[in-house]
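Take a look at this single chain, the form predicted alone, given in structure tokens.
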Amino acid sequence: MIIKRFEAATTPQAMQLVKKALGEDAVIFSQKTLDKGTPAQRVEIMAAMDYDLEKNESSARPAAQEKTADKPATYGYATIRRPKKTPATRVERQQADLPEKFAKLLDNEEEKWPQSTDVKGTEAPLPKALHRQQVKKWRDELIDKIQVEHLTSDNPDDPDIIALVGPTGVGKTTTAAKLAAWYHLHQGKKVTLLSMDCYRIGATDQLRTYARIMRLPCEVAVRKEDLAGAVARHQDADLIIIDTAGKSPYDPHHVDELADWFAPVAGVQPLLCLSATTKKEDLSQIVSSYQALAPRSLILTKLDETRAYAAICQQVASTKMPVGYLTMGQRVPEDFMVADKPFLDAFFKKGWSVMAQEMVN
């Protein structure tokens, strides 16, 4: 008995390969779908023929000699052996696997690269080294697109005003405290904290507690008139940080409400907070929802709460918005970093666990 494996895009195509190679009497052992739900999805069929190929060819030779020159033999190497495809063709077809492989690189998973097979009638996958090279090249090109930008003063005579925006649960309040601590303690700036988060129980108390510990002024704006008034009262500050309420990114009125509050205040720079734990589809919706506010830059939060960074990396690269700051953990102000390009490049290539260890050393 001769057993062979066949792969094709669809079941009818795979069955056609079986019939062509093994004939109508082929026995099907198994059938399954590989890489289901991906661009590389295909069908695998294991089939066999219950006679000896060499004996069949020997008995068929006299009959084959009587055939006319324009009729091919029923069985033989040319009919069973699928033509070899060039390496270039395989590279092009397997480009669709790059995002999945890239995700494994960023997630610090052990890569299970496909092994070559000796089963005739199937196409061997790309060599391990070549496939790895293609994935890393694609990853590096993606990471190169990520840019960095920090807080800039448009008018040195007026305070810089930044507003942390983003959906609920991304850590805006803690991030506001970390920003205040960084610029007050490390940069010597006079900082004022304002809160618009009147929806979440205890949110304003939390920000007031941080402000009291750092001996910084803090006010709560219940209405948009309160926000404009608070900004006017603190024109002597170097930096005003506004903590906004978080809502669902699928709420169509939330961003319009924020824009309405910011309108009377000149010079507000929104910074969009994105959590590294957010799913790819939701990240895309968040960025799309807050585009109307024209965010100045991104703040990546909760980097320590996941080991899967492919989604956040791809989203940041596609938004074309620079990254300003990074946060990890609950400690204020320790768990905070001003983003820089070399660190981001190394982080998205090695992951947070490796970078955290290097920082300790």
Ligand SMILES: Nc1nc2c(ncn2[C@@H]2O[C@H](COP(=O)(O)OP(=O)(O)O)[C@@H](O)[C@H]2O)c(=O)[nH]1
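Numbering starts at 1 and follows the sequence shown. Note that the structure is a prediction, hence the values are computed from the model and not measured.
Note that the form predicted together with the named molecule isn't included here; everything after this is about it.
Think of it this way: in the model of the complex, the named molecule has a heavy atom of just one of 227, 170, 272, 180 within 4.5 Å, and the residue is 170. Contact annotation: of the candidates 328, 43, 312, 26, the single residue with a non-hydrogen atom within 4.5 angstroms of the named molecule in the model of the complex is 328.
Partner contacts here mean any heavy atom within 4.5 Å of the named molecule in the model of the complex, and among 289-297, 35-43, 302-310, 316-324 they occur only in 302-310.
When the named molecule is considered in the model of the complex, residue 174 lines it closely, a heavy atom lying within 4.5 Å. Contact between residue 187 and the named molecule in the model of the complex is not found at the 4.5 Å heavy atom cutoff. Contact check for residue 206: a non-hydrogen atom falls within 4.5 Å of the named molecule in the model of the complex.
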